[in-house]
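Quick setup: one chain, the form predicted on its own, written in structure tokens, and binding and motion questions come after.
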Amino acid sequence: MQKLSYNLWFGKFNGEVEVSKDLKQSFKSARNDAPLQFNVSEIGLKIFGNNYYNLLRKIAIDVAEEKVEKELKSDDKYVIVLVKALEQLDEAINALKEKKEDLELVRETEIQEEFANTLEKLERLRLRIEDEIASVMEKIAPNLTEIAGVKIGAKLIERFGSLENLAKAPASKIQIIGAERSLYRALAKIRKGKEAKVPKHGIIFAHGFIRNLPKHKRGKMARFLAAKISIASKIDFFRGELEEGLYESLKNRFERLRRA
């Protein structure tokens, strides 16, 4: 009868222990289909003695740090930081424009020129960030970018926290994300027995294929678009190759709804 072999964090075990030469890699791949019929710590203590828990703690911290560092350096995290920076930059630009207009109403001074120069620099920085987001999105999410556009695609990745989370999200959530407050308000009214309109779209409402349709057709288009975004993000995350025909089906759906 063949002995079961288990992958422990410090090596293989099939009745006898084979200690791994690379404990960090062994820790990462410590997965078992069958439930363990023994106590891992007891075996580890026999092998490593009193140093067992110190060694386990060190390896766990090393692996966690490596994972965090990898996450922070990933391209989709870079997009998320850029999207947030762009939002804050927009707020700063709008605030400066308002203050500049307030000053112009009161008095003409040299400070207004300083405001104008600063605004010009911020606008240039804004364009630079938009170009950078577009460049990274084309690289990491070509299908999502083609289907949703750079701004909506990047915003969805930002809201879901990563391309992986977006790829694993249901289309129904993609459809309404960004409209959570309206959704919660509607659900609260419904729970009280009142009538309420549940939002049909959130961030994706900015898409031209939804915005340019009559109101009574936008819900259908939003559901279709969210489903296509779900497919596109899955292809981007798991394959990373451009899928021909995905955008055409979306465009055809829009044209049919527009003519109906």
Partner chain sequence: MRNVRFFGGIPATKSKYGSHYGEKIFEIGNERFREWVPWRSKLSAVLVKGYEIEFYGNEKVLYLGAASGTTVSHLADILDEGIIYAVEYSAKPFKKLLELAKERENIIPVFADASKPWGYSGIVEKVDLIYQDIAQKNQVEILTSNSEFFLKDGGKFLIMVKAKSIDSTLESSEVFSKVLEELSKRFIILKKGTLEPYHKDHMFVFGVRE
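Positions refer to the first chain, counted from 1. The structure displayed is predicted, hence computed values, not measured ones.
Below, we turn to the form predicted together with the partner chain, even though it does not appear here.
The putative spot formed by 13, 25 and 131 is not touched by the partner chain in the model of the complex; no residue has a non-hydrogen atom within 4.5 angstroms of it. When the partner chain is considered in the model of the complex, only one residue from 206, 47, 40, 196 comes within 4.5 Å through any heavy atom, namely 40.
Scanning 173, 97, 189, 139 against the partner chain in the model of the complex with a 4.5 Å heavy atom cut-off leaves one residue, 139. Taking the partner from elsewhere, residue 239 is found to have a heavy atom lying within 4.5 Å of the partner chain in the model of the complex. Among residues of the shown chain, residue 146 is one whose heavy atoms approach the partner chain to within 4.5 Å in the model of the complex. At least one heavy atom of residue 31 is located within 4.5 Å of the partner chain in the model of the complex. Proximity of residue 7 to the partner chain in the model of the complex: non-hydrogen atoms within 4.5 Å are present. Of the candidate stretches 82-90, 105-113, 131-139, 180-188, only 131-139 has residues with heavy atoms within 4.5 Å of the partner chain in the model of the complex.
Scanning 181-205 for heavy atoms within 4.5 Å of the partner chain in the model of the complex gives no residues at all. A change of 3 Å or more separates the two forms for residue 71 and residue 139: their C-alpha atoms lie closer together in the model of the complex. In the model of the complex, the Cα positions of residue 70 and residue 161 lie at least 3 Å farther from each other than in the form displayed.
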